[in-house]
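So here's one chain in two forms, each on its own in structure tokens, numbered structure 1 and structure 2.
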Structure 1
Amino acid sequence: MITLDEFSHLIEVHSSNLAAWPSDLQIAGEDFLATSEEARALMKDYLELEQQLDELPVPMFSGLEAKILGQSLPPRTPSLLEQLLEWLLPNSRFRLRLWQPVAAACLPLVFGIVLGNFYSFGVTFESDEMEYWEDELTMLSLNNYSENDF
């Protein structure tokens, strides 16, 4: 059951046409309208208001269409940024289709990168020799090459 305040709010927000109300509130609205005198008075007020709103005149804007269509339009040359964006993210379905083979061609590359990132395929860079490379460098630096005969 809805209250008079809720009923009033629903009329204001969704109009006095109960069919325009959210479907889960229509039956509750109808029930309340059938049982409450205040609800019927409120509904009558808003019906009249909406009818008066509908009757408000609007001038005829004769010549406005010609004026708008006659105004000089700036040339529609898209900016470089727009052109770049249009090239990267095309609006046109045709041009979007051109990206599909490119994306398909890139798929093996992406697949390879992902796969290579997770699987080593038995190839390892770790070996005992590698652990001593700093020592090797130090020893080499201590050599006196000037004594060598060339």
Structure 2
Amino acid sequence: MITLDEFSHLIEVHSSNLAAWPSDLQIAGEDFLATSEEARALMKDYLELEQQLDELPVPMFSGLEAKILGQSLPPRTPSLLEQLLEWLLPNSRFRLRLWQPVAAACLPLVFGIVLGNFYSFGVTFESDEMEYWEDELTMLSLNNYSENDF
């Protein structure tokens, strides 16, 4: 069941025409109108208000459309991406600065060099191969390589 405050709110939101209300609320609104004298008086007041509002003349604004379309737009502030692209690739012929794209292209190289100097990523420069070479040289030195053996 709908209260009078809820009914008033529904009229304000959906208008006094019950056909414009959502279908589930139409039935509840019709039932409330049939049972409540206050709801009928409230509906009558809202109908009169809507009729008075419909009778108000709409003012004519001559030249308003031309005035709105003719005015200039405020300056647009470019986004961060647009500013970055303008800095990297300036499209003005008078401001041809080639150092900016070159600097941007070198950034991954510099980043790689710096990163490579700080971290080894599991690659070690020390190897155990030197120990094996020492063993080989020791074994070779113990052999007799005189001219007679060949």
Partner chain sequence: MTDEELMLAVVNGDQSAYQVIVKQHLKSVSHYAYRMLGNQKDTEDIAQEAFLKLWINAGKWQVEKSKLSTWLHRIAHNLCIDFLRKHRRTQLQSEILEGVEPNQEPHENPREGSEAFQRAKQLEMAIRGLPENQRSALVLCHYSGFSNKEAAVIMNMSIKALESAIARAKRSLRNELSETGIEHQ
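Note that the structure is a prediction, hence the values are computed from the model and not measured. Note that the rigid core is defined as the largest set of C-alphas that superpose within 1.5 Å between two forms. Every residue number counts along structure 1's sequence, beginning with 1.
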query	finding
Form selected (criterion: the form predicted together with the partner chain)	1
Core-superposed comparison between the two structures, L53 Cα displacement 2 Å or beyond	no
Exceeds or equals 2 Å, Cα of T138 between the two structures, core fit	yes
Once the two forms are fitted on their core, CA shift of S62 between the two structures in Å	5.8
